[in-house]
Structure formats: C-alpha cells, structure tokens
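As a starting point, one isolated chain is supplied in structure tokens, in the form predicted on its own.
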Amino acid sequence: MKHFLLILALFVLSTANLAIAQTSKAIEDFKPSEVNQPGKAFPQVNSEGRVRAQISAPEAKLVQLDIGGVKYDMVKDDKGIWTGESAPQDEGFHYYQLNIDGASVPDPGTKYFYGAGRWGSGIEIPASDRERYALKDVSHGLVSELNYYSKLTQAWRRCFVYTPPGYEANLNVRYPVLYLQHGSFEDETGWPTQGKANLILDNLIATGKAVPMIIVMDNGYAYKPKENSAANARPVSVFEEVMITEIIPMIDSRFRTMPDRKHRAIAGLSMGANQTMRIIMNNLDKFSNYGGFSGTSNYPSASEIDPATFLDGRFSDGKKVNGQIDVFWLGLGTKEPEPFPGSIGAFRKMLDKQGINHRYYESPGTAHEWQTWRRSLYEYTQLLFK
C-alpha cells in the first residue's frame, strides 16, 4: 500500500510539473524585433511579449539574457550557438544586454541606444497603441542636429530640434516651442530615438489633434568646468543657466519661433521632470506650460510637502500659480515602483491643498519606461498652445 501511494504521489508530482512546463512553454510565433540591425533574425519577440535572443559563443561557459533586471540562462547547441528567452515583458521599448561569462555586452543583432549610462541593445514589444508613433503616410517634420559651444560649461554641446511639417515651405509662419528633456543616464538622443517624439507629433498634427510646434531636445547633463571646481567636490549642474541664457536665445535666433512665454512649454521625464519643474518655477517669465512625466521636484518624497518652503515657496500662492501656468500636467505609469507613486502623490496633494489646477494621467500597464513617456508626450502635447 505504501509503495502504491509513493508511486501515486510521484505520478501526481510529475503530472503537475509537466503542466507547469506546458503552461510556461512559449508560443512559437516569434518574429524579428523591429529594431534589429538589417538582416539580423535575432532577437525575436512573440505574441506573449517574450524576447528570444541568440548569439554564437562556442568558448563561453555561461551566457544569459539580461532584461528588466532579470537574467535568463541561455542554452548552447552543438555548434556553439546560445539561445534563450525571457518571461513576457510589458509592451513598449526596453533596454537589455547579454551576459557572457560575467561580462555584460550589447547584443550584436540590434541597433544600439543610449540608456542606463551606456550604448546598448534595445527591444520593442509591440504595443496596443503603437499606431500613435508608427511611421505613416502623412506629412513629416524634420529632426536636425545642432552643435553649439557653451560658455558656461566651456564645452561643445548638442541638441536635436524637431521642426513640424511645412516649416521649410511656409517661411512667414512662426511656431511655439516645447523644450523636452530626457531622464537620468540618458542623453539628447533619447526622445528622438527611443521616445519617437517626431513621429508622435507628425501623427497628431496630421489629424489636427496638436498644434504644429518646434521641439528642442537637449542634454540635461551640464556642469561647470572641472578646473573651476574643488578636486573632490561633486560637479555643479548649470543646466538651468544653460537653458535660459544659451539654449533659448540660440533657438529663438536660429528658428522662426514665437519668442514669448505664452508660446513656450517645458517637459521632462524622471530626472528631466525634476529639472524642468525647477526651471519653469524659477522662470515663469519664460514659460507658461509644464509637463512632468514620472517625476516631480520632491524626489525622494516626504509624505507631505510644505508649500511655504518647497522650491522656495513657489507654490505658496495657488491663485497666482493658476494665473501663470496654462497647462500643468503630470503623468505616471500604473506599474511604476516607489518612490515615484509616493512622490507624485504627495505633490498632487500639495497642489490640491493649494487649489492649483493640474491634469493627471496614468499610463495603463507600464512602469518607469519609455512606453509611459511616449503616452505622456502624446497626451500632453494635445493640450498645448490652444
């Protein structure tokens, strides 16, 4: 009897393990990612959002796919080719890398993107709303690269400038400007590449949902020259000064802008949300619209914000703030980790307490990632300059 029960228990256990294995087995409808290098079959994505990577490394002992902070072991065949796949990922863009015997390297199958403080691989998980940033048969604007020398940083800097469809043809028309900032460990390539800002605006303008505007995407890292700083001191950011005294005058002189506060907006994601909030509240003579994507200036947050002291009391007079800011917009992904929900929640409570008008948006099913910020840009720009 005991023997029978042992066999029965083993049978039940093996059946359960088989069921689990079958449940976790990937659906075999993998297709090459849209951001692969030309002619590369891998990485691939299936309808569940799983990522399958492959690399030839005959001498390697251990190869892993590293995505979303999780490492997945890959398996080597008799030809030395390693193949492995991830669990289902959230829709949208994700950074990832391969780990070969302890060394993290980009996947040679993908185009490279600057994020997490390095040039590395990226993957697109097809999103339900990807038509918003799809390349369509509509009139397209132009993204130009502008190099300039900063006297404040004593170094060459670069920004990307989006001019809307018709800018080159309608030479008598002037345009409002959105200054749009990236997040930490990213740079000025983030919004025109990972963020697809130009395609989002092309499609919105084509359908009449957004006013044609210029978008300026600069690098949020700007520091005083090292020779003027103490040897062991932390670098001092001068990005606000660069924005106000160098970038805005340069854009107004080089492009057909509407150079007044009513026709300027500023926005940023994460670190950029922090930077741009400080910039607008310190320079309300320059801007009248603000967008904060996954961030505010109270990061890390306290449970309560004292408007009398926060940002030197800039929010202490709610009626005055309402009269100065046309669009005050905040966005967050529903899956974002702390401290972002807490910091933004505390900030919104302060705004409500002060009677300050603002719009709030939640991106469904996304975390602290580019799909949240693409959706935020899509929503925010529809409200500007109207």
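All residue numbers refer to positions in the sequence shown, first residue = 1. Since this is a predicted model, take the numbers as computed values, not measurements.
The same protein also has a form predicted in complex with another copy of the chain, omitted here; what follows describes it.
Engineer: Please determine whether each residue of Val327, Lys335 and Tyr378 possesses a non-hydrogen atom within 4.5 angstroms of another copy of the chain in the predicted bound form.
Structural biologist: No, the candidate spot makes no contact with another copy of the chain.
Engineer: Does the 4.5 Å heavy atom contact test between Leu351 and another copy of the chain in the predicted bound form come out positive?
Structural biologist: The answer is no: Leu351 has no heavy atom within 4.5 Å of another copy of the chain.
Engineer: Give a yes or no for Ala41: in the predicted bound form, does one of its heavy atoms lie within 4.5 Å of a heavy atom belonging to another copy of the chain?
Structural biologist: So Ala41 does not count as contacting another copy of the chain.
Engineer: Is Lys61 close to another copy of the chain in the predicted bound form, meaning a heavy atom pair under 4.5 Å apart or at it?
Structural biologist: Yes, contact at 4.5 Å.
Engineer: According to a 4.5 angstroms non-hydrogen atom cut-off, is Tyr175 in contact with another copy of the chain in the predicted bound form?
Structural biologist: Tyr175: no contact with another copy of the chain in the predicted bound form.
Engineer: Name the single residue among Glu168, Glu304, Asp73, Glu131 that comes within 4.5 Å of another copy of the chain in the predicted bound form, judging by heavy atoms.
Structural biologist: Looking at Glu168, Glu304, Asp73, Glu131 one by one, just Glu168 meets the 4.5 Å heavy-atom criterion.
Engineer: Looking at Ala87, Val143, Leu152, Met258, which has any heavy atom no more than 4.5 Å from another copy of the chain in the predicted bound form?
Structural biologist: Exactly one residue meets the criterion: Val143.
Engineer: Counting any heavy atom within 4.5 Å as contact, can you tell me which stretch out of 144-152, 282-290, 263-271, 123-131 lines another copy of the chain in the predicted bound form?
Structural biologist: That would be 144-152.
Engineer: Looking at another copy of the chain in the predicted bound form, which residues in 76-113 have at least one heavy atom within 4.5 Å of it?
Structural biologist: If the 4.5 Å heavy-atom criterion is applied to another copy of the chain in the predicted bound form, 76-113 yields Ile100, Asp101, Gly102, Ala103, Ser104, Val105, Pro106, Pro108, Lys111, Tyr112.
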